[in-house]
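A single chain comes next, written as structure tokens; it is the form predicted alone.
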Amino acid sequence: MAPRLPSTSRSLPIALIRAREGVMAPIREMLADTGITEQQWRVLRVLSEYGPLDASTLADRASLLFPSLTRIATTMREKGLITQTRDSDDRRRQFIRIAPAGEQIIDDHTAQAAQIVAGFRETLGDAQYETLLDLLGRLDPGARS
């Protein structure tokens, strides 16, 4: 007899998708007037936090596939949100840096983003919020120890 699947109400993949939508809805609302996508926001957030990065590291930290980052970076460069330079030693390697216009988007939305996070912390409580992040980190195949 084949094992039974859990109810969809207790399915981890489905629960994660539903939770993602619940988390992303207020972020999408925040970004609606910026003209940037969720993926572009993640790129700006990572660059703002870490500074210039090579494209491969940026893709990993922004949870993007490398080919997607390449396409996204082209659009962001055209919008003046980032700059790209080639490594002088390895011309195949590119470094991406946030541009002043990208920093301005981060600066303009930091307070609202912090309010969104505060709402999630309030819903879960500080301890459960931190526990949730820790548990999700354990499921991340690319997590750095």
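Keep in mind the model is a prediction, meaning the values are calculated, not measured. Heads up: residue numbers just count along the shown sequence, starting at 1.
The same protein also has a form predicted in complex with a further copy of the same chain, omitted here; what follows describes it.
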ask   = Taking A32, R97 and Q104 as the candidate spot, are all three within 4.5 angstroms of a further copy of the same chain in the model of the complex by heavy atoms?
value = no
message = Within 4.5 Å, heavy atoms only: does E49 come near a further copy of the same chain in the model of the complex?
response = yes
query = Does any heavy atom of F120 come within 4.5 Å of a heavy atom of a further copy of the same chain in the model of the complex?
reply = yes
message = Whether A55 contacts a further copy of the same chain in the model of the complex should be assessed with a 4.5 Å heavy atom distance threshold; does it?
response = no
request  = Using a 4.5 Å heavy atom cut-off, state whether T110 contacts a further copy of the same chain in the model of the complex.
outcome  = yes
Partner contacts in the model of the complex for 15 to 38 (non-hydrogen atom within 4.5 angstroms of a further copy of the same chain) = A15, L16, I17, R18, A19, R20, G22, V23, M24, I27
